[in-house]
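Okay, so we've got a single protein chain in two different forms coming up as structure tokens, structure 1 first and structure 2 after it.
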Structure 1
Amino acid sequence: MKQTLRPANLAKRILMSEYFVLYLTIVYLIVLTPIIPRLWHPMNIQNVLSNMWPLLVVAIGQTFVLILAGIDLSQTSVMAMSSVVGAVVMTSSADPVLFTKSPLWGTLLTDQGGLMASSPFALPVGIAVMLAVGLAIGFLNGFSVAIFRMPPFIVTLVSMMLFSAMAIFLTKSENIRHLPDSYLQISKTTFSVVSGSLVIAIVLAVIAHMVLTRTLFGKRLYAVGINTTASQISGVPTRKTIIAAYMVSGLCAAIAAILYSSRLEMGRPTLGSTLFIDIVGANIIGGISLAGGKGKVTWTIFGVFFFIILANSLNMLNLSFYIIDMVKGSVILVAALLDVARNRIRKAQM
């Protein structure tokens, strides 16, 4: 009788393990290797890694908000807006034919470039402005949710629509090129693996992990996510915690915009417009609960890794984009169902 129970117990242990998604990814890679031998080609590995780091950065920001039982739909618009604003500051040249109708033309943008065109301070000022845009939009979102008690879905949906449209309006849907070489070097790889994006993503992941596990802010974040009312009664500054979490989300989205736009070599008003399903999907697959109060940076890393591998393998199979989206959506749904099952098992074990 005991022998028949062992496989079931093993399956339950694997399902309940916080490394479940990592195990799943390894199995997926093993199964996929004979089907797609090119999966391990150095060029494909480099492609997978270059796609992973920016997504990981923005997904970490979403993790902070999801732990609060919130959601940030505006991250993609933060990426677009900060990309455009940073490019306006740093560009050394702009085509009059493309930008004459832009409201920025003649003041912040000319044929001689942007505000800091050809200045040695173009890079630090441009990056500082991009980060400030992310923090400002995050603050607006957090302030609306915390002070006015507005639903996070509605607040961030409006922000997404507003700032996405603003980015397109300011540039008239045109990409801003001629960015400083020092900025473009951020995403350049050396030895086919190491890049500025990798270093930034790892440093940010370590900092986020330390914040969530070793600081008072991290403890407050989980407490508010589990029960906002009880946290408030216990003396937790719930409003400040919520605002700070959304500012972290906006900041991470701005950092991701730096990584993506340096890789694309342009400020793009539609940057990140198709990434939202990847951002939230990676978190859900990793095990971050939409109900709040549960989540780790390591889970986010596992979720992003699996999601990037999934997307890469589907592309290599030459599937249509709508089939790829159908598969992604199905995987996210299964991940959400698994999260429900795991929660029920935990409650049954208590």
Structure 2
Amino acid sequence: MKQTLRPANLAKRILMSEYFVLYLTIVYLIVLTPIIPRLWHPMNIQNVLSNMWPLLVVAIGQTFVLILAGIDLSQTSVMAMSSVVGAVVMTSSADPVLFTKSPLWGTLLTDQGGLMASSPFALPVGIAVMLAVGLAIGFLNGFSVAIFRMPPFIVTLVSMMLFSAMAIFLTKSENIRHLPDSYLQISKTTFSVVSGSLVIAIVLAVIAHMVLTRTLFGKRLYAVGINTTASQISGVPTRKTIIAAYMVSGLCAAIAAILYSSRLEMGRPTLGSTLFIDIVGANIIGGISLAGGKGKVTWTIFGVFFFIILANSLNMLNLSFYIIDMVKGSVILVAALLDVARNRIRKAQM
């Protein structure tokens, strides 16, 4: 009604917008531009993007589970497991000194490398195996949650413990190198920013967005997240939906493992072990609630973007590492506060 207050109106619209986190990130970037001269250096942009894709992929998987009012702590161990298993399949040679103690030595892994060593099919088979690992662990989680009605937090916490330990056990702590070149190419950039990772992440994001907004599965996922009983009575196969969501989460973690280990050029039993907070943090900053029923892929993208920009800018600021944590916490705090402010305004408008 009061159209006269233009700037205030605009501010309110920005604050209320679904793209708020994105705007916030942009404002943050603008403020930092004069301080960090190299912020817009092509190489930095390249860095930011290459950091973003794998985290985005794994965070999207988490989004599916969060919509269900679940949580998946095991994504980090999925990454470790599929990284190790995939590398075992693909590697072209393994050092006997390092790997003779591995339980896989002599069967799946020899000094000639893994099963598909130097085979032209190493890449497709390796990737298929990695995805299968993700799906399998996701299935186990989903099955326990849906069929046995075990609390997701504990189920995924336990599978996190289990599969992290398993990944370390399989290689006896050693990293596996000598992966096929075609695999390493996935994360290599051409035209400065375009890379296999970029393509994979964007395609995945688009598919995930379509799945959530347009498909039967997506709509049922929200329904189950809001009210499982009502959904079940309305003919939603709730158990299948839950299992599927955890499988998506595992799958995404496996894809992220492909991107991460391609970038690191190795299969790593501790891959991603510290990422959980970033994954869930990005989702929640993006606006996705732990209580379920809410969430969009675009929100996840903005949340991830925010987290990546934050980490990158803090690196570029060269703060003493003693205070870097405090600054990081403060920036997240501001973002969270602004989010609260806009929720209040939204409620007041209702």
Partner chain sequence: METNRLVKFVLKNSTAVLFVLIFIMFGLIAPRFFTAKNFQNIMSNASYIGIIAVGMTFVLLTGGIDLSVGSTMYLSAVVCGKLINEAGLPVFPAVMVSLLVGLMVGAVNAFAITRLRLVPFITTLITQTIARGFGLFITRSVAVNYPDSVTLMSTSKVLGFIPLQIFIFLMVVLLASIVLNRTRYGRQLYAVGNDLESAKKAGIKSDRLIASTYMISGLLAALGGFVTITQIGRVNAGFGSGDEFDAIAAAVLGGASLFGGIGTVFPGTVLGTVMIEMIQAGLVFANIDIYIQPIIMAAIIFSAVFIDSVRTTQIKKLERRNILKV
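Between two forms, the rigid core is the largest collection of C-alphas that superpose within 1.5 Å. Everything quoted here is computed from the prediction, not taken from an experiment. For numbering, take structure 1's sequence and count from 1.
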task = Sort out for me whether 1 or 2 is the form predicted together with its partner chain.
result = 2
key: Rigid core fit then Ile324 CA moved by 2 Å or more between structure 1 and structure 2   = yes
ask   = If you line up the core, does Leu15 shift 2 angstroms or more at its C-alpha between structure 1 and structure 2?
value = yes
query = Does the distance between the two CA positions of Leu338 reach 2 Å or more between structure 1 and structure 2, the core being superposed?
reply = yes
